[in-house]
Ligand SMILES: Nc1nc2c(ncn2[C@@H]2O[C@H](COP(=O)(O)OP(=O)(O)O)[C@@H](O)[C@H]2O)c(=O)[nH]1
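One chain comes next, on its own, written out as structure tokens in the form predicted on its own.
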């Protein structure tokens, strides 16, 4: 839940979730570079450095964390986390999810990873306890579009529908269905990394008006 301190500073927790190797850390690294350099990130600036706890292979060991400040509303800070994708870190992912205000699910577009993506999505559903979309906005990156024969957004939408994470026209949550972005997280060939983050920040702002702040 969004938190606000006595000084009126607002803290929003946004989480990148997905299977191992899907590009979560790469996406946050690129977001950091884009906003620091002012590319596509005119409304956002990073504060401090990214915190990374990684294995020797480069895969996330515990989590990555960065803090971004809104330029338009200087008292709003987005605390951005990624989760470790390896199966053995499931208990840690549950802990990191606590207090999450918005989720970007990073779907690996390689067709060989479909089962891994679905398993990760189902784990997210279980951890969120039926709060995705209804209480916690979710968007989807179909990442690695620069690789041969990637999955497309329409294919991922079918998976979301089968997992009951995409609502039909006329449903109360139809307006808040996950937007699916075809992305490339690599800075050198970036596609839609800032756009999806900006949309999640926008949706989280709208959602928070329907819920109570936690004051501290």
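Everything numeric here is computed off the predicted structure, so don't read it as measured data. Residue numbers count along the first chain shown, from 1.
Keep in mind that the form predicted in complex with the named molecule is missing from the display, and what follows is about it.
Interface residue among 159, 179, 50, 186, judged by heavy atoms within 4.5 Å of the named molecule in the predicted complex: 186. Just one listed stretch, out of 66 to 74, 151 to 159, 23 to 31, 164 to 172, contacts the named molecule in the predicted complex at the 4.5 Å heavy atom level, and that stretch is 23 to 31. Under a 4.5 angstroms non-hydrogen atom cutoff, the named molecule in the predicted complex has residue 19 among its neighbouring residues. The shortest heavy atom separation between residue 135 and the named molecule in the predicted complex exceeds 4.5 Å.
The shortest heavy atom separation between residue 143 and the named molecule in the predicted complex is within 4.5 Å.
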